[in-house]
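What follows is a single chain, given as structure tokens, in the form predicted alone.
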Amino acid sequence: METDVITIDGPTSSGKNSVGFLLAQELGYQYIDTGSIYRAGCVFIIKNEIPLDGQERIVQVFKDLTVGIKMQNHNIRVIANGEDVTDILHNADVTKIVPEVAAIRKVREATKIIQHNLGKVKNTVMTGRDIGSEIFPDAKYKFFLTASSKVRAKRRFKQLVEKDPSIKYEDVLKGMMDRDKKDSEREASPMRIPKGAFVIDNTNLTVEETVDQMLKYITGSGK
């Protein structure tokens, strides 16, 4: 049976994860945050003390990587190489190296295989930065979420300051703009609006309002 994949792309803190998770619940689909795959690989790069200039070893980590997604108490758990890595995916050392690792063409090629395998299991809402443009370009429904950089930085700051009260909003904003630039200019699968994607600016929208717009687009009626 052929599965259905709905793609959601967009920059950091554009609401992809919250929106994707809720949309998947509304439709009865599984939810896959592809960023967690790159982060899972980075966990093992750090664990094995692989330097960032050791590209062959980095690529091999992703070629050997097995990823599974399971729901537990209404929360998504990421299982990588048989280990639950959910709680360490957003550690500072992982976040620091993700952009550089994700820019490696052979890493993206290896990750593409993982993403396709996950999408074959069941109907899926999949979020990332190149899902509608590179991974599932033929998906029937493709979305691109965006919001002003200041609003996105405020969202990210709110998440990070809970873990690190010393963090500054200005640093988060700068880091976000740097990440946007790297994602848009990288040679391998740069972030862009996929052809035929429905673009939603959710600067002034809640997660629920954003999902409602998507449902109207998909089914012709909101909640």
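Each residue number is its position in the shown sequence, starting from 1. Because the structure is predicted, anything quoted here is derived from the model rather than measured.
The same protein also has a form predicted together with a small molecule, omitted here; what follows describes it.
Can you tell me which of 192-200, 54-62, 27-35, 164-172 lies within 4.5 Å of the small molecule in the predicted complex, counting heavy atoms only?
Among the candidates, contact is made by 27-35.
Among Ala139, Ala110, Ile76, Val98, which has at least one heavy atom within 4.5 Å of the small molecule in the predicted complex?
It is Val98.
Please tell me whether any heavy atom belonging to Val85 falls inside 4.5 Å of a heavy atom of the small molecule, as the geometry stands in the predicted complex.
No, no contact at 4.5 Å.
Wondering, does His90 line up within 4.5 Å of the small molecule in the predicted complex on heavy atoms?
Flag for His90 set to yes.
Is there a non-hydrogen atom of Ala147 within 4.5 angstroms of a non-hydrogen atom of the small molecule in the predicted complex?
Heavy-atom contact with the small molecule at 4.5 Å: absent for Ala147.
So, Gln115 and the small molecule: in the predicted complex, are they within 4.5 Å at any heavy atom pair?
Looking in the predicted complex, residue contacts with the small molecule include Gln115, since a heavy atom lies within 4.5 Å.
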